[in-house]
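Below, in structure tokens: the form predicted on its own, a single chain.
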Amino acid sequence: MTEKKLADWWDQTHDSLYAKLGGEAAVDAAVDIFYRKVLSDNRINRFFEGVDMDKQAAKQKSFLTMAFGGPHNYTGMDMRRGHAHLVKQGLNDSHFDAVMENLAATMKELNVPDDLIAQAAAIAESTRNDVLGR
């Protein structure tokens, strides 16, 4: 194992939000619950009409794993390009806020401590301007 890989492994297994949340199993569970909430939320579910939710969930798991400090296997588009078509459909701050509410509710449902929810929310919030194309 190279020095960088060893450092990455240490971060991923000991200090990262990803590790603190419980790693792959926790992210997988969170994404599944999160999309159940999103798809039943009339404020935002129209943005997922016609979307292959299995592929969407896989992309989201990969993205969150990377964003939370886990293994970097995300190969999707950047936030701005990935959401540009939704911005053209009217995606705005109120929709982003609804997503944030669903993320927090998901993590509370999984009994994630408040300080870790706040860390995850801060990471998600840092994508707002890119998601909304600003």
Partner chain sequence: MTHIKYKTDSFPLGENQSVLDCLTGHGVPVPFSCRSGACQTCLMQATRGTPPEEAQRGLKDSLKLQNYFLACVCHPREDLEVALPSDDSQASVPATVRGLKLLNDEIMQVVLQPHAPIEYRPGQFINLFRTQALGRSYSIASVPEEDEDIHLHVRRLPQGRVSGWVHDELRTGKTVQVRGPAGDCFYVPGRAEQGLLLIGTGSGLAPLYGIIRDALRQGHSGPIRLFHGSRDRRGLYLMGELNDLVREYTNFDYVRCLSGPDVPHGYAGGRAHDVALQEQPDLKSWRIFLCGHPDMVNAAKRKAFLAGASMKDIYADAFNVSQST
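Keep in mind that this is a model prediction, so the values were computed, not measured. Residue numbers count along the first chain shown, from 1.
This protein has a second form, the form predicted in complex with its partner chain, left out of what is shown; the following refers to that one.
request  = Would you mind picking the one in 77, 100, 87, 53 that has a heavy atom within 4.5 Å of its partner chain in the model of the complex?
outcome  = If I apply the 4.5 Å criterion carefully, the residue I get is 53.
inquiry  = On the criterion of a non-hydrogen atom at 4.5 angstroms or closer, are 32, 39 and 62 all touching its partner chain in the model of the complex?
reply    = Yes, the whole candidate spot contacts its partner chain.
query = Going by a heavy atom distance of 4.5 Å, is residue 57 a contact of its partner chain in the model of the complex?
reply = Judged by the heavy-atom cut-off of 4.5 Å, residue 57 is in contact with its partner chain in the model of the complex.
ask   = Is residue 24 close to its partner chain in the model of the complex, meaning a heavy atom pair under 4.5 Å apart or at it?
value = Close contact exists here: in the model of the complex, residue 24 approaches its partner chain to within 4.5 Å, heavy atoms only.
ask   = With a 4.5 Å heavy atom cut-off, would you call residue 43 a contact of its partner chain in the model of the complex?
value = Heavy-atom contact with its partner chain at 4.5 Å: absent for residue 43.
ask   = Heavy atom to heavy atom, is residue 72 within 4.5 Å of its partner chain in the model of the complex?
value = Flag for residue 72 set to yes.
query = Compared with this form, is the residue 80-residue 75 Cα separation smaller or larger in the model of the complex, the difference being 3 Å or more?
reply = Closer in the model of the complex, by 3 Å or more.
request  = Regarding residue 77 and residue 40, go with closer or farther for their CA spacing in the model of the complex versus this form, the difference being 3 Å or more.
outcome  = The answer is farther, because the C-alphas of residue 77 and residue 40 separate from each other in the model of the complex by 3 Å or more.
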